[in-house]
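Take a look at this one chain, the form predicted alone, written out in structure tokens.
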Amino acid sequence: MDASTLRVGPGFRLADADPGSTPGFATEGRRSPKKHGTAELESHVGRLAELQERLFAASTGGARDAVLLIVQGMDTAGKGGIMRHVVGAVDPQGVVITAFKKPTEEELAHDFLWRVERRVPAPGLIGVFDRSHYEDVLIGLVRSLASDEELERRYGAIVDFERGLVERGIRVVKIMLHVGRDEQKKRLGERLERPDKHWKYNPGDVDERLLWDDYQTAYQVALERTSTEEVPWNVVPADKKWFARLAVQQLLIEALESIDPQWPAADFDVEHEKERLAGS
């Protein structure tokens, strides 16, 4: 699929993005797009795993590259599915997942980016933020937890912070999983109907849902203020789970291919070691 269709550019309007669409994925002539999309997702697992292993291996030879995948979205947008079906397909030793929760007292004593900086991936790793520093501008705006002046400062701080990550050799892939309001209601209803899903249901999700329009506005502002040439946002329609997973997988592969990590050269005499092994 062509993931470039997901990138946020000048004039982008979230209200015009169809959460049920499949941009960049050809559906013409396909009787079952879901079947084809799921098959394509599976066919790329090996490529993603190889690139991740090369990234990790290259770091043992001194390479400084890393990848940071930032995943944002409303409740039920499918973040968990991304973790299982996309990120979960690679060697867990090379991945560090951080699910940012409500800040602790210690974290609140520092600037909002303090706890984020501590979770930036080291060379050779794929870091994943399940929610992120963007909560501090999204909820901050919707719940009026920060003044207009402070929000403006945070937008600027985020842009500077992410630019600094790029300068350090970290490819940043920002994803907004764009789920529709009706689809979210359906998914929350499914959690209530199934006892095995009750643990995933939070009554607070309905409280947040009542602020749907406010959150859409907050996302629009965040996209406008922090989608840069160095670190653009990608808005991924999420009503079709198979498409969202395929899109994120493709964006992750593209980031790794742009690094093109190489296997490090052996720091020993290979032929001599073969002889020694044969005689052992």
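From 1 onward, residues are counted along the sequence shown. C-alpha atoms forming the largest set that superposes within 1.5 Å between two forms make up the rigid core. Quick caveat: nothing in here was measured; it's all calculated off a predicted structure.
Just so it is clear, the following notes concern the form predicted in complex with another copy of the chain, a form of the same protein that is not shown.
**Q** Counting non-hydrogen atoms within 4.5 angstroms of another copy of the chain in the predicted complex, say which of 97, 159, 142, 120 makes the cut.
**A** Partner contact (heavy atom, 4.5 Å) among the options: 97.
**Q** Here the chain is shown alone; which of 106, 207, 150, 167 has a heavy atom within 4.5 Å of another copy of the chain in the predicted complex?
**A** So the residue touching another copy of the chain in the predicted complex, by this definition, is 207.
**Q** Name the stretch, out of 159-167, 106-114, 183-191, 134-142, where some heavy atom lies within 4.5 Å of another copy of the chain in the predicted complex.
**A** Only one stretch passes the 4.5 Å heavy-atom test: 183-191.
**Q** Does residue 146 make contact with another copy of the chain in the predicted complex, using a 4.5 Å heavy atom cut-off?
**A** Residue 146: no, not in contact with another copy of the chain in the predicted complex.
**Q** Residue 56 versus another copy of the chain, in the predicted complex: is there a non-hydrogen atom within 4.5 Å?
**A** Within the cut-off, so yes.
**Q** Whether residue 130 contacts another copy of the chain in the predicted complex should be assessed with a 4.5 Å heavy atom distance threshold; does it?
**A** Residue 130: yes, in contact with another copy of the chain in the predicted complex.
**Q** Is residue 264 a contact residue for another copy of the chain in the predicted complex, using a 4.5 Å heavy atom cut-off?
**A** Yes - in the predicted complex, heavy atoms of residue 264 and another copy of the chain come within 4.5 Å of each other.
**Q** Using the arrangement in the predicted complex, list in sequence order the residues of 244-280 with any heavy atom within 4.5 angstroms of another copy of the chain.
**A** The stretch touches the partner through 263, 264, 266, 268, 270, 273, 274, 276, 277, 278, 280.
**Q** Taking the rigid core as reference, does residue 7 move its C-alpha 2 Å or further between this form and the one not shown?
**A** No, the C-alpha position differs by under 2 Å between this form and the one not shown.
**Q** C-alpha of residue 257: shift of 2 angstroms or more between this form and the one not shown, rigid core aligned?
**A** Where the cores coincide, residue 257 shows only a C-alpha shift between this form and the one not shown that is less than 2 Å.
**Q** Core-aligned, is the CA shift for residue 16 between this form and the one not shown 2 angstroms or more?
**A** Where the cores coincide, residue 16 shows only a C-alpha shift between this form and the one not shown that is less than 2 Å.
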